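Next up: a single chain in structure tokens, the form predicted on its own.
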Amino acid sequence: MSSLKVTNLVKHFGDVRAVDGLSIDVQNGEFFALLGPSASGKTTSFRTICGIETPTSGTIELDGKDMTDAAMRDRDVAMVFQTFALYPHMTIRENLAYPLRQMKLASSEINSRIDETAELLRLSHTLDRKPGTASGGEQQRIAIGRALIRRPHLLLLDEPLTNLDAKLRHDTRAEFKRIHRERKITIVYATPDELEALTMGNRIGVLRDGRIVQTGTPDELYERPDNRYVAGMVGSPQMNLIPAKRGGTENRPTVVTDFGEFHEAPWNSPLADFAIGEELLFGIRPHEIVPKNGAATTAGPTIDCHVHLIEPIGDLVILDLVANGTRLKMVLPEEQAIAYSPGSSLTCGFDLATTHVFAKETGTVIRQPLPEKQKA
């Protein structure tokens, strides 16, 4: 195992800033997810951490030792790329053996590690076949095995499930978690898929334009996003972000939307620093909106809506609602949603304690800071 600390990492390619001040701190044995869309700097960050690319500035520490300028072979970091990158003319056994032969290990040690790795990844029955005869899931496990067989202290996984179908993605996610649990290896996992990040990462760093905009546990990012970007990245369906304005009086601020005016919430006190009439965004998670006549009720404000569209997603249903011209999404269990159809009218409610307010211009959240004892 190895800890990883990256501080203010910058990587330029000419005028392009692929990584722009990246800072992460990954603990020994942690499964850390790096969540960001395409072109947000995930691959370049990984290539710089493992030594393929030279940073423009910043530092990279492994186990507290500065490795910013160290050669790749001295970092003990393995990386699995988005493409499998297997040698098609070699057998699976030879693919696994290749990095060990480069390390000039004895044949007995090579054979022992191949057997151990093949058993771990459930590849023992495939060793004498060529990679081209293996399934997509098996090819992915071979690529992982070629990285693991070196016994690196740090494993970087760069969107490794992109080329797999939905079932294989699900199965391989479980394999990664099992490998992490059994080997206790430090893993940094880059993905554009928020489901992968939320289900796999002990902590998640949300990446935007080559910079981390928030780091936290899945629950922290879901419940307390620091900005509208994280609010939109984490959670499916995405948080409802509704145009609003700062209303009320100087000492009694409110948030005004097309379907209501609200106050007395976690954002109430810091909202006083904003000018009356300033544009905001009012955020409600679809799961936090409930029908007032349903099994779940809330003592908070209510909204009169009608159903515009219904989207079944297995045992859950997304209802696309319209409230005084504003579109909202609500998620209900299938047995509860069956009572509604497009055009149905209903009254919904929500708890103001679960809502969020963002400054429209900067996207920054407006809320009371947590007490120090809750941060620990």
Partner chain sequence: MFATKKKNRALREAGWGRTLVAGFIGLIYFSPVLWIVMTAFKTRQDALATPPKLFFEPTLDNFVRVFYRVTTDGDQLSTGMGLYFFNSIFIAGAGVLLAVVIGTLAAYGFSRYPLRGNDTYLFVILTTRMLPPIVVIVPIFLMFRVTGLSGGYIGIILLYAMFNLAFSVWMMKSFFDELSADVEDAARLDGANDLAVFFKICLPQLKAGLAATVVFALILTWNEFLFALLLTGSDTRTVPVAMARAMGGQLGVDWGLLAAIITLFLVPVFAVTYMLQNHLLRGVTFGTVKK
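Source: prediction; values computed, not measured. Positions refer to the first chain, counted from 1.
The form predicted together with its partner chain is left out here; the points below concern that form.
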property	result
Option touching its partner chain, based on a heavy atom within 4.5 Å in the predicted bound form, out of 231, 92, 77, 190	77
In the predicted bound form, the one of 107, 102, 162, 249 near its partner chain [non-hydrogen atom within 4.5 angstroms]	102
Triple contact flag 235, 292 and 318 to its partner chain in the predicted bound form, non-hydrogen atom at 4.5 angstroms	no
Interface membership of residue 329, its partner chain in the predicted bound form, 4.5 Å heavy atom rule	no
Contact label in the predicted bound form: residue 337 to its partner chain, heavy atom within 4.5 Å	no
Residue 88 within 4.5 Å of its partner chain in the predicted bound form, heavy atoms	yes
In the predicted bound form, residue 98 touching its partner chain (heavy atom, 4.5 Å)	yes
Region of this chain that lies against its partner chain in the predicted bound form, out of 309-317, 61-69, 43-51, 26-34 [heavy atom, 4.5 Å]	43-51
